[in-house]
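Shown next as structure tokens: one chain only, the form predicted on its own.
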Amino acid sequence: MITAGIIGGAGYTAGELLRILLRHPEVKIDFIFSTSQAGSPISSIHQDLLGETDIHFSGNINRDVEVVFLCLGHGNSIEFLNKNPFSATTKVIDLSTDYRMNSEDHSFVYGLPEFRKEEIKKAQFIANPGCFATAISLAILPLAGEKLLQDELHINAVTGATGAGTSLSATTHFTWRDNNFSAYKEFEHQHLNEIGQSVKVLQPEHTSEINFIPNRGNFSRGIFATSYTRFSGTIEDAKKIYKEYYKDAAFTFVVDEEIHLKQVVNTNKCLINLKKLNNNLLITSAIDNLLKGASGQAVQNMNLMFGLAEDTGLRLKANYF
């Protein structure tokens, strides 16, 4: 059994991570570290786990666990690891933005399995991708792999309220979010950097603009993204490129039918649909922002790092009705 620790156990991503790991056949949860909830049962915060486990939040850390998941706020993982070093053999999976950009200052591997599977298998440190970055990268990387991103890329994507985390703010309050819709961080969302970084790996000469409009939806979870760019080939050409790129992917599926969020929420799947309209290729992608966009992908990475089947503990069914 793989011994696992979770740092920052009270948020949405930690809750989903716990739900998965408690049922993972190869994992034993060693500790769930939380400074604010130490001593409390985890079901006092993650109420969906009532009756599932008697584990309590801990104020202590076992530095010798085999894998640790960092579910901390952005900017806090670097500080935490500097103050709390783990053993030389502990594998670290960080769910924040802190290590996603390549740098000589760290050795974290960008953890998008459909993009960096072989590197992930050999890595000790993983930077889990952002939720928007996952949905959008999976939509466009097959084109970059064929050097076909030759024109501007236009992306519009909407995320559920859980994408903003558990802390209450003016734009997450129920009375503001309900029956509402808004755009934010237009053309400057932080996930654009990691999307561009991945595109450059596959298509180094890429210089065209990636125009991204993120939106807040009035639902709890999920990301629905539409991306389009100039494409000179046929729809059959596009489908061949995408299906070849994802032929060995455990969770990303290219489908001929139009897609919607209920197919992916509560799962680790990404669904992709393609359409050719005039001279543009429209790529629609959908994921659960808390699973494929966060905790599910983190477990997928753990499976790869420990030589397990990629889908171990992750065959989750969507709540369709």
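The first residue of the shown sequence is 1; numbering continues from there. The structure presented is a predicted model; accordingly, all values stated were derived computationally and were not measured.
A second form of this protein, the form predicted in complex with a further copy of the same chain, is not displayed here; the remarks below concern that form.
A.B. asks: L22 near a further copy of the same chain in the model of the complex, any heavy atom under 4.5 Å?
C.D. replies: Within the cut-off, so yes.
A.B. asks: Using a 4.5 Å heavy atom cut-off, state whether I78 contacts a further copy of the same chain in the model of the complex.
C.D. replies: Contact check for I78: no, nothing within 4.5 Å of a further copy of the same chain in the model of the complex.
A.B. asks: Spell out, yes or no, whether the shortest heavy atom distance between H260 and a further copy of the same chain in the model of the complex is within 4.5 Å.
C.D. replies: Although a further copy of the same chain is absent here, H260 would touch it in the model of the complex, with heavy atoms inside 4.5 Å.
A.B. asks: Just checking whether A318 would be counted as a contact of a further copy of the same chain in the model of the complex - the rule being heavy atoms within 4.5 angstroms.
C.D. replies: Flag for A318 set to yes.
A.B. asks: With a further copy of the same chain left out here, work out from 208-216, 195-203, 107-115, 233-241 which stretch has heavy atoms within 4.5 Å of it in the model of the complex.
C.D. replies: Looking at the partner contacts, the answer comes out as 208-216.
A.B. asks: Could you spot which one of A123, V92, A161, L149 gets a heavy atom to within 4.5 Å of a further copy of the same chain in the model of the complex?
C.D. replies: Result of the distance check: A161.
A.B. asks: Of S103, S182, S87, N84, which residue is found within 4.5 angstroms of a further copy of the same chain in the model of the complex when only non-hydrogen atoms are counted?
C.D. replies: Here the answer is residue option S182.
A.B. asks: Candidate spot I45, T175 and K269, all three in 4.5 Å heavy atom range of a further copy of the same chain in the model of the complex?
C.D. replies: Yes, each of I45, T175 and K269 comes within 4.5 Å of a further copy of the same chain in the model of the complex.
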